[in-house]
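One chain is shown next in structure tokens, namely the form predicted alone.
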């Protein structure tokens, strides 16, 4: 897949994965930030920064917004300036498996819909070193909602992301890697349809125009349409789980 095409398709969208401000705030409500004024937070795989803005508006401290795409980070920077938050948010163009933070330096690591790039367990293990003892990890991760699924659905997701698993599987990963689970919940369908898929759908025409309706661009749009139809058909079997856990110590 052409990475530049993916960036161009998603760059004008508020989110690059399922989620909503309401769900970000719900996750944040399980983290003890009372009277904490100098929090050190990393938002990893931040995209264009919808959740970054939410964190900045509802916490006190500094947020490092990490993404590999300079295009996404520029969009985030513009948003931060518009909301007078640029002094609180530091964009960082960096791979999520090569982070520059000092060990035990962060109070919160946040990642919505991005940890799958590393793999859930690998991401939990690697990012853990940067959290202070007692620090929080808050991540959303694709998860099964039922113990049995249609074969075509299971085949699709196992090929796309072999680490997909039940909520209980994700909690076990957290527990065996030095975390105490604090809370978890499932993202509702509106996080997929209204907040993620609809903005993509509305941008198809302008994207294809920018790309002069190239074969690759047309294939990408068709793939996105297929994914949307797939979710509409099978949404009762899978979604993103949001997992909040506290590092031992």
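Numbering follows the first chain given and starts at 1. Remember, predicted model here, so these are calculated numbers, not experimental data.
Keep in mind the form predicted together with a small molecule is missing from the figure; the text below concerns it.
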| item | value |
| --- | --- |
| Touches the small molecule in the predicted complex: residue 114 (any heavy atom, 4.5 Å) | yes |
| Residue contact check: residue 15 to the small molecule in the predicted complex, 4.5 Å heavy atom | yes |
| Partner proximity in the predicted complex: residue 95 to the small molecule, non-hydrogen atom cutoff 4.5 Å | yes |
| Close approach of residue 186 to the small molecule in the predicted complex, 4.5 Å, heavy atom | no |
| The single option of 179, 156, 144, 72 touching the small molecule in the predicted complex, heavy atom within 4.5 Å | 72 |
| Location of the small molecule contact in the predicted complex, chosen stretch of 30 to 38, 216 to 224, 44 to 52, 200 to 208 [non-hydrogen atom, 4.5 Å] | 44 to 52 |
